[in-house]
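There is one chain below, alone, in structure tokens, taken in the form predicted alone.
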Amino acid sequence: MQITLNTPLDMHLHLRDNEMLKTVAPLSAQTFSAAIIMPNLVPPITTKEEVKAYKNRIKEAIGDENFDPLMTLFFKDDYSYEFLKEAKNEITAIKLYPAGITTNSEGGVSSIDSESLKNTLEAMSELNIPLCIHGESNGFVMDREKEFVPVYEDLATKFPNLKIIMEHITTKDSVEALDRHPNLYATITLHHLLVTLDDVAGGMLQPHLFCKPIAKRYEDREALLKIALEAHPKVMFGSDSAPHPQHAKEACGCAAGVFTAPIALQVLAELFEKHDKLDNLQKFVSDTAQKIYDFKPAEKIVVLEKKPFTVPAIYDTVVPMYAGEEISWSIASIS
């Protein structure tokens, strides 16, 4: 059995920098045509010059691979209309992080409300620059995303012309919010379609499944699965593949992030086949994202086949999800 995917896209990807960038960037560039690149480096990407320099480093890391890094700025509430107009041709979106809520987000926004962010969000609306948000409060860890839904809804109501992407959603509450506002969209990761908190911490702690937002309850996973498998027109694949060196994951103070880039398409094929929804995989990994972001990426044809593949135990210093385990789908060809 085979399935052909035309122009797979990863709409939420962490490539890091320096040696880590050299390790992980080629793994995404091999199988994806393009990806939205997160800006939370140290220091974060906040200027046009930094965007261009980071893009050049990515291009150098991937060599001759046919892959388009879709760049983002790290949100600041004092970006002017003039600044954004000048930067627009270099970026695809702007990513907003609540301060201190996830990896390298210390410089994020401390107060997320429609009034304090008004000037920047109005400029983004006018310039048609999408806003990507890591939507979590500082509350109890299992309730953080649910508590953030009213913030999404307030922003969607106050800025109706602003395209808002709820990144890596994990709850049924976020799923329900999607259809209440025409300008709300979402990405869903591979790992949140597969695991719950039980898989992370129900038995022996599994550090390579620990991420933020943390995996939630069974009913949340089922809600995510339903809209992904049905290829909901406002939902797209974003891996949130987030590499950390093995010593930072298998340690006290375990770093948050699941590394799925090398196996994302294969495991998605396995999952969609299991639910008899392979016909919808093309929409979930490409077609819907092209409509939401209104762009046409360079074509790349990836053929997957139903053939067992053993996931490498490690990629340089990074342990992937399902390390050392056998999955049922493989990459047959890429052109």
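What you see is a predicted model, and the numbers here were worked out from it, not measured in a lab. A residue's number is simply how far along the shown sequence it sits, counting from 1.
The discussion below concerns the form predicted in complex with a small molecule, not included here.
- Residues H12, D240 and H244 are all found to lie within 4.5 Å of the small molecule in the predicted bound form, as judged by heavy atom distances.
- In the predicted bound form, the small molecule lies within 4.5 Å of some heavy atom of T102.
- The shortest heavy atom separation between Q282 and the small molecule in the predicted bound form exceeds 4.5 Å.
- N40 belongs to the set of residues with a heavy atom inside 4.5 Å of the small molecule in the predicted bound form.
- Taking the partner from the other structure, the small molecule in the predicted bound form has no heavy atom within 4.5 Å of any heavy atom of C254.
- With the partner left out here, the small molecule still marks one of 67 to 75, 255 to 263, 216 to 224, 125 to 133 in the predicted bound form; by a 4.5 Å heavy atom cut-off that stretch is 255 to 263.
- Shown without its partner, this chain lists K163, R144, K172, K212 as candidates; in the predicted bound form, only K212 has a non-hydrogen atom within 4.5 angstroms of the small molecule.
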